[in-house]
Ligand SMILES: C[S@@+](CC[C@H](N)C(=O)[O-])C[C@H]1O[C@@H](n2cnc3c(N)ncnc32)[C@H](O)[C@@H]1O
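Form predicted alone, single chain, as structure tokens, below.
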Amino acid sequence: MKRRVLMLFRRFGLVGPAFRTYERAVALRPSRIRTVDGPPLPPRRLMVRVAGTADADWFLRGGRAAYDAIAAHISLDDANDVLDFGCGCGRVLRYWGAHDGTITGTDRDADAIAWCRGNLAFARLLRNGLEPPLDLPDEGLDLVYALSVFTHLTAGLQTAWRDELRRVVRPGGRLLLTVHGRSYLPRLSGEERASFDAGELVVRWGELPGSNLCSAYHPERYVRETLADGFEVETLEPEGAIGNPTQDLIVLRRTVSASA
């Protein structure tokens, strides 16, 4: 029934407004008030946009787990200048307050960026568009991480942002991503599974890129042959993104010879 309703909304171009209405409804659901150490919790509507739920415990635990996963795969002592690409309302960014270097967050959601600017004073916050560029210099970053961002982009946007993130990372620097890998095969139709098994990127609801409805599924072959262009694959850990459960975790190292 839910799928039929979505298809009807899709036919009449109403999916985007309907999904925003759904997010507002989720944000209004009653939940337990949580006392928080550190920065305050964002408004519930912003948490829903990031996580699909306004559950404060999940928001905080998931953000901390994601930060710990980054630290487990990257030496933070070697990551002085860091970018949280697609930072939303600071689910992970909030845990970088003690970082000795610079931390920047970017997102296309103006409300989320405004909230972060008012509550995460240790970070530089920038708004980006759906398409590149970023307002950042060439080769200025040691680490860029994008958690569950490429999972919601079309093929063209993925390669455009891969190139842009490669531009802003120093040679030898890292790009850490999480993607929908093989653990998500049960969500796909038979035809989509065949495309996935052939090494092709599968994208659903591509007319709504950047939203949670747009979902991209990444086979390992596509990651290695396309997404990692200009990088060396250091890590590809199935279901390794503990802060984004069952997503694959990928660490790419920018090759010294890669041009921006």
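Note that residue numbering begins at 1 and tracks the sequence as displayed. Only a predicted model underlies this, so the values are computations on that prediction, with no experimental measurement involved.
In what follows, reference is made to the form predicted in complex with this ligand, a form of this protein that is not presented.
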**OP:** Check whether Ala79 has any heavy atom within 4.5 Å of a heavy atom of this ligand in the predicted complex, and answer yes or no.
**Re:** no
Problem - Contact of Glu164 with this ligand in the predicted complex (heavy atom, 4.5 Å) - result: no
Quiz item: Could you tell me if Gly210 has a non-hydrogen atom within 4.5 Å of this ligand in the predicted complex?
Solution: yes
| Does Arg94 reach this ligand in the predicted complex if we count a contact as any heavy atom within 4.5 Å? | no
Picking from Leu176, Val149, Leu120, Leu188, the single residue whose non-hydrogen atoms come within 4.5 angstroms of this ligand in the predicted complex is Val149
In this chain shown alone, the residue from Leu130, Ala114, Ala155, Ala71 with a heavy atom within 4.5 Å of this ligand in the predicted complex is Leu130
The stretch from 164 to 172, 136 to 144, 71 to 79, 85 to 93 that lies within 4.5 Å of this ligand in the predicted complex, judged by heavy atoms, is 85 to 93
Within 103 to 128, the residues having any heavy atom within 4.5 Å of this ligand in the predicted complex are Asp107, Arg108, Asp109, Asn128
